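Shown below, as structure tokens, is a lone chain in the form predicted on its own; questions about how it binds or moves come after it.
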Amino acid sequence: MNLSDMNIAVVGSGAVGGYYGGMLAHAGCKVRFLMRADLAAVRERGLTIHTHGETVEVPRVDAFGTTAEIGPVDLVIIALKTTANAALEELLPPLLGEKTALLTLQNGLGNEEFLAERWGGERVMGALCFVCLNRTAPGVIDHFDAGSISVGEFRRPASPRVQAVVDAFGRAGIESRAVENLVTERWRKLLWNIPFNGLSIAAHGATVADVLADDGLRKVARDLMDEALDAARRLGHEIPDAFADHQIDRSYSMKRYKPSSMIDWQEGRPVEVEAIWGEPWRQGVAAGATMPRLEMLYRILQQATKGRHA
């Protein structure tokens, strides 16, 4: 499997899909983007990615309004929010050939299971994106910090196709690695997403810098990490305490970054409450963990996003 010789479709071409798909396209991969709101602008002006003080231009973009127009591909990169997963029932079938692989870049828990139940586990891979970026205008993405991606198979060790994906991202200038246990990596990312995405809403629009600058919020963030660490370990995922400390330390460079969940909340869009907070809490409690802070945050977010989360 060599991604430079394969057709790739990106479903969910917002900040995440636009960034990773755009960088692959810039590196020479054949990428087709499903777009709705940005379709006309991207067809006219292409994609612009501001990253690390440089500007990456992808002037000619294969952008489409439907997956039927795209047709079967070799790899589908799924970057929709989990709140839109129901739409995949209609979006994915036109893209699927006999051996089409599915790579989900979505946050939280349960994403690979959703895909496997409907289209077969043998198709499914997952990736964890450790990145700070926002879509700032149609076809324009600002990349603020980090950017690495970790790729693994669904309930299987890393395979040659995982390494091919990793190599392709590496050639696109993105730090990437293959992982043997994808679920462990999901818990590692949740250590950041649970506190920082959650507190950004619960504290009425707190940026990463706001959380870190407030002694109380910073302690709550670390306490939430401790609960997630306990749950992960009870579920068989050994993550050292030092990794949580690292997550706090590395966040200072993000400065006044607005987590994606905060932006969704502020703009009245659905928030991934169940995937990021609900499912980790349920799995942790079922494994015997005590998670009062996560449960409180989960309940607050349910109320704060009432009527618009899946």
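Start at 1 with the first residue shown and count on from there. All values reported here derive from a predicted model rather than from experimental measurement. Just so we're on the same page, rigid core means the largest C-alpha set that superposes within 1.5 Å between forms.
If you look for the form predicted in complex with a further copy of the same chain, you will not find it shown, but the lines that follow are about it.
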| item | value |
| --- | --- |
| Per-stretch contact check against a further copy of the same chain in the model of the complex, the hit in 158 to 166, 212 to 220, 135 to 143, 70 to 78 (non-hydrogen atom, 4.5 angstroms) | 212 to 220 |
| K99, heavy atom within 4.5 angstroms of a further copy of the same chain in the model of the complex | no |
| Proximity of M296 to a further copy of the same chain in the model of the complex, heavy atoms at 4.5 Å | yes |
| Any non-hydrogen atom of P292 within 4.5 angstroms of a further copy of the same chain in the model of the complex | yes |
| Exercise: A286 in contact with a further copy of the same chain in the model of the complex, heavy atom 4.5 Å | no |
| Single option in L92, C129, V183, A202 placed near a further copy of the same chain in the model of the complex, where near means a heavy atom within 4.5 Å | A202 |
| Contact assignment for a further copy of the same chain in the model of the complex, among V179, I239, A206, A172, heavy atom within 4.5 Å | A206 |
| Post core alignment: H204 C-alpha displaced by 2 Å or more between the shown form and the other one | yes |
| Cα displacement of A15 between the shown form and the other one reaching 2 Å, rigid core superposed | no |
